[in-house]
Ligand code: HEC
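Read the single chain below, which is given as structure tokens and is the form predicted on its own.
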Amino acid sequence: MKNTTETIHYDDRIVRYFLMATLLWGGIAFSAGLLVALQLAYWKFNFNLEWLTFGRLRPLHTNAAIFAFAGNAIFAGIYHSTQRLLKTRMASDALSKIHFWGWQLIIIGAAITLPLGYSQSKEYAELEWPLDLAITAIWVVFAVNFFWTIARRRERHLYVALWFYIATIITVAVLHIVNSIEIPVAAFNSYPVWGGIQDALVQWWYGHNAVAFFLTTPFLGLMYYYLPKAANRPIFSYRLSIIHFWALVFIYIWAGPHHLLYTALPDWAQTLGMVFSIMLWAPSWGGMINGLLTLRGAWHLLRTEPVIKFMVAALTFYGMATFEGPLLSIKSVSALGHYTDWIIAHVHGGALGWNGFLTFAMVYYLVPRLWKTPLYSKKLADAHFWVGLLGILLYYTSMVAAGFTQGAMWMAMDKGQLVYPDFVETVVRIVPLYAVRAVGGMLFITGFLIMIYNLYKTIKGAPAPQDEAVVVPARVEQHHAGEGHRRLEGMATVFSILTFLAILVGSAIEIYPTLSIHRYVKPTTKVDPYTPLELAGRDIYIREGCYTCHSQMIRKLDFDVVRYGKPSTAAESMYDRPFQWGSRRIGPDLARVGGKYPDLWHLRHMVDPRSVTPKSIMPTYGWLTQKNTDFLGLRRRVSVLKSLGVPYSDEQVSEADRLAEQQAKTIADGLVTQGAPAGLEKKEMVALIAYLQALGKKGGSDE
């Protein structure tokens, strides 16, 4: 008689690898976050070192938190749960190992290049082109292994967690590829093919959906698997799961433009983003309710099981974040909240509360099972929960208070005049709240360290880990059995194609109309491109991470116009690659800063900000007077931009270095007459000054 069952061994080693990487990179990400928090509370924590300034460390922190900590957690959970949901070992141990080591090498590459200033300045997509290519390759390895495993499954239907994994893998691939189309100009430097409003829209289509499809859908998949497992109860509603998945996947992709309200982005795109963001309330809360109601009849576990505590808190933070996000997308609310620390509170409420606590719940669930030993101490896990929760609440409330303070002070007007015309007045008011935020971060890290000790003691006393062996059916039954959605769950290829189409519709409708910039810029509008020296200065501005503190987008709001000048137009940034509209104002907007101050003011401001702006929290940039500008590399840079449509003449391409040196000599000579030392003409400081003085002076503001 033919055997109808067989014994297989799950690949738990790869799960343990990703779990350990999650903890390692989590510690690094949280420590980097604490340091940048301290830098805002007290500027001397920049240590006067170029590779430790806020502008360079902030993208390191965000990338470490998202792609190193959360990314490894996602992979640990997916590799563990997928094998059990499909009742088969991962299709290829070799691909699993390539995925693990490739991802860690990418993270190490990011940890090296970002502090060195190699950045595209696009939030959550700062990594330069060699690392972008590596991400693409490793993601393909992951996708092949995952879908190959689905093809070999011994379960007829795909459980709901797998739906969210499929959506994650497909959508992240689309987002990354479209947003990362760029042309290299050096070993670790490139210019995107998108420019101005195109780049802004594509970037925030990517940026918002990186949150949606890297920090939301995979974690929802993990919730749908680990919450029922931990509570030993089925998910509350299968039908609600279906509605939650398809509504979320279809609607989320449209919401990106709500990051660009009142900007030069076309009004139709802004309205579209706002409307779909508000619609997100329904599916998001549907998912939260589905998770919480799974615990009906099992609420007593909150008192005894730390895993359930973390899960419930995570779902609560998910509900809060997905209520606050649509709220912030309403135009009148965005006028107050955008560019302020309210956005930072919103992001971290989700990142620490939803992603962090769900990851901790998963870790506490997995470690005893992977090492086949009880958790060392539930009391320590409880202590971690309460200390971490207090840290999040301190962080969140301090940053909401800071955001409200910033927004209210910026908006305050009396008889058409600003009540607080000096930007630094706002900064001074919120510095104490930055200190409170740092304390909250310290508490969160303290909780994390308690967990590390608890896990160390758990694993130390455990036997040598072994892969789990299970008896499973020798073959899967016909996949397409069932009716309605149940039938679709047995058709993995069709399901994946429908998911791809669901995210493609909104993406195409949003992005396609902006591909022709002339729809939004009159043919008669004149805009001059940056001179080669100004272009060099712009690249230095990006390298130093100035975009992390300054915007270059004057919104169509009275208080913005009175403070900074005419609203920014689509034409003004049409040659900007990458765009520099910004997402935060720790410092003032710079869209019209050109000509506002003499060159010597900019020199003194960069060398010692407090010499011209007392109580400034900006780092010092003295090394810019020591490092030489790369004049020879400008020919390649200008040539690439010309190939992308920037109207440079043949002379500007072939003579880029000479023209830049000539302009630098003129600026340096002028600085000498103002009292600056001689010999600055080759220094990066002069190139940066040239760029800053060009802002708002290139035309296009009167279209």
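Being a predicted model, the structure only gives us computed values, none of them experimental. Residue numbers here begin at 1 and follow the sequence given.
Below, we turn to the form predicted in complex with the ligand, even though it does not appear here.
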Check your understanding: Non-hydrogen atoms within 4.5 angstroms of the ligand in the predicted complex: do Val15, Phe67 and Val367 all have one?
Key -> no
Practice item. Work out which of Thr216, Ser96, Thr263, Thr548 lies within 4.5 Å of the ligand in the predicted complex, going by heavy atoms. Key: Thr548
Study note, to complete from the structure: As a check of understanding, the residue in Val593, Leu380, Ala502, Ala335 with any heavy atom within 4.5 Å of the ligand in the predicted complex should be identified as Val593
Review point. Pick from 176-184, 125-133, 459-467, 423-431: which stretch has a heavy atom within 4.5 Å of the ligand in the predicted complex?
Key: 423-431
Exercise for review: Please run the contact check for His602 against the ligand in the predicted complex: heavy atoms, 4.5 angstroms, yes or no?
Suggested key: yes
Review point. Does the ligand come within 4.5 Å of any heavy atom of Pro609 in the predicted complex?
Key: yes
Review point. Would Glu544 count as touching the ligand in the predicted complex under a 4.5 Å heavy atom rule?
Key: yes
Check your understanding: Does Pro598 reach the ligand in the predicted complex if we count a contact as any heavy atom within 4.5 Å?
Key -> yes
Point to revise | Sequence-ordered residues of 34-56 touching the ligand in the predicted complex, heavy atom within 4.5 Å | key: Leu40, Phe54, Gly55
